[in-house]
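Next up: just one chain, as structure tokens, the form predicted on its own.
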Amino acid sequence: MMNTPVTKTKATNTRVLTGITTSGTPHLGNYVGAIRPAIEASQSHDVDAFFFLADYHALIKCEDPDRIARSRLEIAATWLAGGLDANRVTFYRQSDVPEIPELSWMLTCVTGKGLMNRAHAYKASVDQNLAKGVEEDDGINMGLFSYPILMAADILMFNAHKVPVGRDQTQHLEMARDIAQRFNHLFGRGHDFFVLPEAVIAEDVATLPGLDGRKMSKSYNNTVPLFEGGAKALKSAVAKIVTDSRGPGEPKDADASHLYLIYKAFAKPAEAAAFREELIGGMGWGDAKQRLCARIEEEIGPLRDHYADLMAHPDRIEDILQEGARKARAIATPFMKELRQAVGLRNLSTGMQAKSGQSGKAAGKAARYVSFRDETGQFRFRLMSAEGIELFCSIPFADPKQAGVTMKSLQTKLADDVVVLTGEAAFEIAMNGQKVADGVASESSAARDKVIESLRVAMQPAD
């Protein structure tokens, strides 16, 4: 954790962060799969919950400013109408916290392009272009390419411990961890600015089928509206849900029925079991759709009324978001000040005073270990001298934890305990008889000896 008290979470609390991209109107699948479970989780006494409207992320996909503005309003109203307690959580717009894009730039400057090349969204776009026979980067903007870095900034700005994501987003969490580790190693000098976030994948959260049986998604245009259009729009959409040709009185395959899967997401277990038995007993599809509408309306109706009231008074939503931004910036502003100091963006007089108060070894840079991910996706680390010269580079590790354990073990060793001479002008680093790193290549044994002498200095324990 960080040294600045204001940026810490209470020891008993887990900080959880959820982002919502503002590029569309929420539908029933969003409510069941994300909104409802996230709001329920935020009500736990030991959770410090952060919810934000990811409106900078929306710019990557959407070039319609009116749609983005409308979506910000609709999504904020939806979460508040769904029961999000803005007094209990921190609810804000990404664009109201300028420290987030500033941190994103800092993280961009320590992130290898090779890491971004492996991002799934970017690779998928390249593959689509190649399949169409056009240039591989055709239509791909830098927002899409560097999207995982902005996502990392969203998470690391508030040192979230856990981030609920779908399986398709787990790579971005891994990247955020990689980026955090690299920043910590480059600038931490004995302490970590960032905690390493963990992905939370809710396996038991329902994924609703859409009108055609595929996953409910705006991309497939098969959604059931949540609040927009009222009860009439809900009834109209449910009437379009595809069913089989079995008529009233004929037993239905309830477990394969899209109606039953949606009903189950809203009903209590006993209600769902009764509905299933009635389908098996021959209930007609028309009656089943009416029952489904009634059950959804029982939960959604009161929320829709609250939503309509909020949509009619956007100034209330604005006040809530501005208060959320104030709470978020109370954390982000002092933390950003600390990070600026760490990377050298300091007050000039402060920097000169600090320098004048130092002497000898303490005034200069120290040798440091640097973690990175190579072009094959393996995890490695280097030891750099105080002058910024590489002394050795580790072997590749498939597991980042194993790389970290090895590096920490080396930090407790002296050079003469781990250096093994090989050939005329080479050396390697070994522990317990196993090679863990290759020394930098030298042209002669004399040059190698100079490197090893630098290594002895670099691996000396701190005074």
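Sequential numbering from 1, following the sequence displayed. Fair warning: this is a prediction, and the values are worked out from it, not measured in the lab.
The form predicted together with tryptophan is left out here; the points below concern that form.
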{"query": "Listed residue that, although tryptophan is not shown, lies within 4.5 Å of it in the predicted complex (heavy atoms), from A81, I262, V97, I155", "finding": "I155"}
{"query": "In the predicted complex, the residue from M407, A54, L28, I35 that sits within 4.5 Å of tryptophan by heavy atoms", "finding": "A54"}
{"query": "4.5 angstroms heavy atom contact with tryptophan in the predicted complex for T14", "finding": "no"}
{"query": "In the predicted complex, M151 touching tryptophan (heavy atom, 4.5 Å)", "finding": "yes"}
{"query": "Close approach of A180 to tryptophan in the predicted complex, 4.5 Å, heavy atom", "finding": "no"}
{"query": "4.5 angstroms heavy atom contact with tryptophan in the predicted complex for V163", "finding": "yes"}
{"query": "Candidate spot T18, Y147 and Q169, all three touching tryptophan in the predicted complex (heavy atom, 4.5 Å)", "finding": "yes"}
{"query": "One stretch from 430-438, 54-62, 411-419, 39-47 that, in the predicted complex, holds residues within 4.5 Å of tryptophan by heavy atom", "finding": "54-62"}
